[in-house]
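There is one chain below, alone, in structure tokens, taken in the form predicted on its own.
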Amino acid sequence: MEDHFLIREHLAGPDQAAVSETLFTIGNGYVGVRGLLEEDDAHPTLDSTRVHGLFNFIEGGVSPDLAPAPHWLGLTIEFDGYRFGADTSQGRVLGAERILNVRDATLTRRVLWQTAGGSVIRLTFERFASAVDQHVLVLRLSVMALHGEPQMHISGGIDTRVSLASGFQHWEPWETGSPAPDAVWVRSRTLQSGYELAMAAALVTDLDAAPALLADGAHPQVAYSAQLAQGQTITITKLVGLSTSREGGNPLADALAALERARQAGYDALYYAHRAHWERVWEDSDVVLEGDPFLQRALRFCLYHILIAAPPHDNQVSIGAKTLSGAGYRAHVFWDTELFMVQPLTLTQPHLARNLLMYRYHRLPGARAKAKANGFEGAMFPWESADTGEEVTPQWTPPDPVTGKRIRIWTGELEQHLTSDIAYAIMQYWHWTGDDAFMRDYGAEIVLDGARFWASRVEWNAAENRYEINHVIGPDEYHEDVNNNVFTNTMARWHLDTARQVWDWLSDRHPEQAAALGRTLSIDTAALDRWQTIIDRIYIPFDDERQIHIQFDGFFDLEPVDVLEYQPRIVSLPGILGHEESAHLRVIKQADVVMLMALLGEQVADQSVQRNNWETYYPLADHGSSLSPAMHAWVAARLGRLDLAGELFEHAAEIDLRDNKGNSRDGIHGASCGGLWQALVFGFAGLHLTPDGPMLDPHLPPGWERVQFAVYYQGERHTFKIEGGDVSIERG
């Protein structure tokens, strides 16, 4: 029976290598390790390993990067002097496969290789980042000589010659050393931010051979040599300890301690503990979708990539748009986290969602500084965030390699709805978990200070007797500097209304906390009355005749374009027609009005208006962002457009597994992963909260035989099953 927890690859060509490296990322919420091949000559930059929070800025760069950690995967393997790898003069690959088992977050690679001298070798590599001890990384190689008795030489260590595609070097010169005959260590500090990282690695084996140290300042290694007997299997295990100054004051001592823990445990104990942890995770996180094997596999793949990026022990970091699986967007944190990735975690792994929301709480000073710098009050969260909570969105793209042209980036200044997106995620977390302590101590402050920002941001239009929000960018980023984007205005109104409710709850349940926040945030009766006036008078663009929302002022004055005619393609319309030209076209990058309907449903409008909105805006959606298809699938399912919803859902499922955006090489599309789960659970299954708790209103496409998933509601597990038109709920 086919195992839908497995992602397989057979003999991928070099043009697929970068995408495969992304897909086959392993991780544990502290570190992510791309699926680079183990042989040292397989990747030009050796950019394999990323650790949460280690941002660094280099003069000449456009914004801070997540500094790449040293490359620990590399092994140099020779048989009778022939080096295993891509060089066909040394030998040939007779067969190969890689399998990512998302059930236990383990990557296995099997290669049948023949040396140029005729020996046939079977090599099996297995790797994982321990889910139990986040500072431990493990790689095991089993080698069997099927034909011949070659002399084997193997070496491996830690390679510090790592660079990003930009070419920037983020580390001071590396120090190296050896704590034991079979081990090496390295340590350094980021040049600007001053984060220290240390890594220690041991190469242990069942070979009857003594280790030798290879002294290379940039690449310290341990080596072994031995004669293989035909039919003999030998095992080499690489154990790695990793630590940074973000966790403690002596990263080298901590890395060496982690390495020693790994030694004492050994491979088998490390793996069994790791697997047991993942079994518990999948008990709560798994989604069963019978009737479509590809979609079943895609759902688990997407959940896996969110889970391996979510920090379990650290509430000072968050998940970047490309998770820890690639250099895309420099690991910066966007709305992708709160509106797309936090939601599935809130309902299945709430402790992880809480950590991600706490990251925003700890960065309130940066949000307040941004508001003040722009002449506003309260907390105005940055469009792109890194370690400090300050705005790190670059103002310009890097020069085009062909034309040299740069494009001005306005999102850091004008895309402001993120403040409400964060408040939305907080409210969802609170409603589902009932975590009053979080809301009292942290969440309320974020929501209330975000409301203060909107109260200072709105502009009074005396001629129209209304409040407006001008000069913004909505989710549709093809159109910059627009007025009265309906998503932004509606979410601002929702935010202010929600903040009043939070204030009432806090005043009633925790009056001392309310009094303290009132003094800190200058919230009094006059402020609350102003919030209510804005709620009552803010402009929500709406066409009464057509009964549709207007995306922004002047949207329907733009030149129409038949978006659906530009198929098939993996390039966005601006990529075809030009960035400046697209700004004058009636084409939408991603769900905007549709996104609003997904989040707020009938709080936005009744079903008839939502249908009108769908008929108006769906044909204009370019899906130029990976965020878009899943949100459209969610709304289409709720509106009963099941065939179309199914097509959009499959589109979302293919984004990384089939690279249908053409850029998976840069990292996993984390928001699309979270959006796929939401489309299934909130869209097709119709999960929603009622006064009696969570309920379903399912609308499944033809061919889906069974859907089953579990969520937590205020600490109690609810397992839902939809099969043959029947719905069952099991509590506890």
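We number the residues from 1 along the sequence you see. Please read all numbers here as calculations on a predicted model, not as lab measurements.
Not pictured, yet referred to below: the form predicted together with a small molecule.
Engineer: Sort through 576-584, 203-211, 621-629, 463-471 and report the only stretch with a non-hydrogen atom within 4.5 Å of the small molecule in the predicted complex.
Structural biologist: Heavy atoms within 4.5 Å of the small molecule in the predicted complex occur in 621-629.
Engineer: Among A321, E477 and K589, does every residue place a heavy atom within 4.5 Å of the small molecule in the predicted complex?
Structural biologist: Verified in the predicted complex; spot residues all in contact, yes.
Engineer: Between the options W430, W410, Y329, W174, which residue brings a heavy atom to within 4.5 Å of the small molecule in the predicted complex?
Structural biologist: Spelling it out, the residue with a heavy atom inside the cut-off is Y329.
Engineer: So which of W383, F84, F487, W278 reaches within 4.5 angstroms of the small molecule in the predicted complex, heavy atom to heavy atom?
Structural biologist: Flagged contact: W383.
Engineer: Going by a heavy atom distance of 4.5 Å, is W335 a contact of the small molecule in the predicted complex?
Structural biologist: Within the cut-off, so yes.
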